[in-house]
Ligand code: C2E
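Next comes just one chain, in structure tokens: the form predicted alone.
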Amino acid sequence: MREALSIVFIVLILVLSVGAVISRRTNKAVGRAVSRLLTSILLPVTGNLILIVSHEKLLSTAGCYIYFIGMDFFMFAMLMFAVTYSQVRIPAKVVGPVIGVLLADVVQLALNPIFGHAFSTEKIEAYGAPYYRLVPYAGQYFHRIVDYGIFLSVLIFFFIMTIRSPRIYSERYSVIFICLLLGGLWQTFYIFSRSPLDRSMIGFAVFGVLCFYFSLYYRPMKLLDRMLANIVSKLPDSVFFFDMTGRCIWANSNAKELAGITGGEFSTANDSLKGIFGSALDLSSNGWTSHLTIGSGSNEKYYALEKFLVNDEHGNAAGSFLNVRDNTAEQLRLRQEIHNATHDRLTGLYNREYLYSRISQLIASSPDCGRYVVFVDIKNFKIVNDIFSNDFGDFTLKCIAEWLRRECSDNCIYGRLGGDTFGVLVPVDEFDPAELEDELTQFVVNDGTVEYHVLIHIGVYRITEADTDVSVMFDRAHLALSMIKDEYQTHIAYYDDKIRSQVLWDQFISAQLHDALRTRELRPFLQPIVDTSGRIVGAEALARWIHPTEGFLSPAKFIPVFEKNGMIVEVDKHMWRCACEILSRWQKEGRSLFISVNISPKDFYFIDVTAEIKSLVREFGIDPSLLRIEITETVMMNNIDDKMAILNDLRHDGFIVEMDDFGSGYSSLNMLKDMPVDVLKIDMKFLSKSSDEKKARTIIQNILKLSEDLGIASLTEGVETAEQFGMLRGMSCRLFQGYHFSKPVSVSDFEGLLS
């Protein structure tokens, strides 16, 4: 019997040693905990083996020490394995005392040879040979209390994990729990029966082997199969399984619904799938992927099909399965996202970026076809929104979009460029200007409560260079709108050589402005301002350009260009500086003359006019009253309060503010009562078309009288004859300007006039 048990223990030691090495080398997180557990079991098993084979007291006593101290290590390793295996955190305040108690037990056992307090051995006869049996004392009972306490804690832990874990995990927990329980009962039986040979360590060794197997290799196949079947059954995709012959043997719930399978009649799935997907479905091939569209219109469906070959554990073909995914919702969502990215949300037409892209593609594919780029603009659309509401404005835009859909053929491309503008690419032979003019003349929008005649202008550019950027084409079509003079009679304008020449001129002259300012090619000319005696008292500074190749440029050739592109700000700043330089020199020469300088409406948007002008006056040390600020009525049309604050600030610092072109706008009289101006400049030309000279004289006389009553000085410009000068002088006008006295002249010529 003792020889048989020895062989069993030796085999267990070998198995545990191999398991410890394997688990130590594994990549699994639990591997080290398993290795420590198996190594710790080796100690009590080895101690037991020594007790079984020993016939001497000393060797048997040594076996007892290895056995008891090894059990302490085994208990701790078992506790750590339980924690790692279950992935449950144990607080450090629990682990610390456990380690302390075990170390105390190891120490008191190690002191037994000195104090003899833990145990001794007694010789008995066992199976025909001497055997030294344990005689326990107080220290041994302490040892048993410590080990049994930890053992019961681990046992309870595995029991709780067994009843609380999902079934796939509870199976392995329950096996470990039962094995551990049997080992503990076996050990307890040995202690109380005082059997000569301890066989209970076989149970703990088997426990270690089971822990090794369950931790590293065990897979509950039946439970896994059942769980995987449940997972597949609940997948949103339709899954069909086929045997080696291609016959359907199983399908999940979605697949049953797709193929119309009732009960367990899976064999009908093959015919159903072919009926749905037709020849595109190839069930005879092993593996493939396909994307199919079934139906049309509102019944259109999108499917992604994937067929996979299934192999057994030996790599042999065991069947196949087909995965069918309904991508309809995803495709519709993707299609909607693409539509939103390429279409205008309000009108449903192409947006500007996508319209340009489509036009570029079409022109590139057929560059020789004759086509027009058409720019559609709603005039005074802001008034539509202000008067009738934004809702009616949106309704108007939708009506124009519907008009484009109705009138444009499939050969056209059209979209909304933004705001109140639309763009169209149309073949030349489909563009009928006469019919279009007639439609635009009668274009009325009616939402059931409001009826409004929408004024639409169309700029047309014929594509002559296919490689021109589409945005440039639309810019040219837009430029054509500037040719429409009679807004209500003419609705269509064409980009032509005249506009092209104007565009090229604008680019040419704009590119040279900075050099012209630096070299003083662009300089001030002065037009004299005289008093009632004809004596020159001041001048108006007017910009003139002496171009090196173009010669003397009329202001009409460059001022409108710079007003349009905003470069007028640079011109004005230059003129202000030049005027201050002249005034500074005159002041040193003892000449007390003023110069009026113009301020454009755009100056207020791009620079701090007040700061700029005050800075120049300080820099040149001149009297602010000598640099007169001349504004037009259009300056005051927007942000009136801000502009009045600026003018008041300038007047407060001693500047004199003049209003030019008084009477040319509709609001002059309305604004005059509040406008902070010192001088009204009255232009004789605004009455030049009048055939009734008496009425003209009356109007001028009353304007002069009005300005006098308001305490505002008057200056009449455009005086061309001695008769006009005499008439105005008789009406109490005090300052005059016009060709009767002098046209604008260079500074040197002006100073010659002074002499």
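Everything numeric here is computed off the predicted structure, so don't read it as measured data. Heads up: residue numbers just count along the shown sequence, starting at 1.
This next part talks about the form predicted in complex with the ligand, which is not shown.
**Q** Quick one: of Asp344, Asp72, Asp660, Asp198, which gets a non-hydrogen atom within 4.5 angstroms of the ligand in the model of the complex?
**A** Checked against the cut-off, the match is Asp660.
**Q** Of Asp147, Asp572, Asp105, Asp420, which residue is found within 4.5 angstroms of the ligand in the model of the complex when only non-hydrogen atoms are counted?
**A** Contact residue from the list: Asp572.
**Q** With the ligand left out here, work out from 535-543, 322-330, 109-117, 376-384 which stretch has heavy atoms within 4.5 Å of it in the model of the complex.
**A** Going by heavy atoms within 4.5 Å, the stretch is 535-543.
**Q** Within a 4.5 Å heavy atom cut-off, is Val719 in contact with the ligand in the model of the complex?
**A** Yes, contact at 4.5 Å.
**Q** Whether Pro555 contacts the ligand in the model of the complex should be assessed with a 4.5 Å heavy atom distance threshold; does it?
**A** Although the ligand is absent here, Pro555 would touch it in the model of the complex, with heavy atoms inside 4.5 Å.
**Q** Evaluate Ile568 for contact with the ligand in the model of the complex, applying a 4.5 angstroms cut-off between non-hydrogen atoms, and reply yes or no.
**A** Yes, contact at 4.5 Å.
**Q** According to a 4.5 angstroms non-hydrogen atom cut-off, is Asn598 in contact with the ligand in the model of the complex?
**A** Yes - in the model of the complex, heavy atoms of Asn598 and the ligand come within 4.5 Å of each other.
**Q** Mind listing which residues of 394-417 have a heavy atom within 4.5 Å of the ligand in the model of the complex?
**A** If the 4.5 Å heavy-atom criterion is applied to the ligand in the model of the complex, 394-417 yields nothing.
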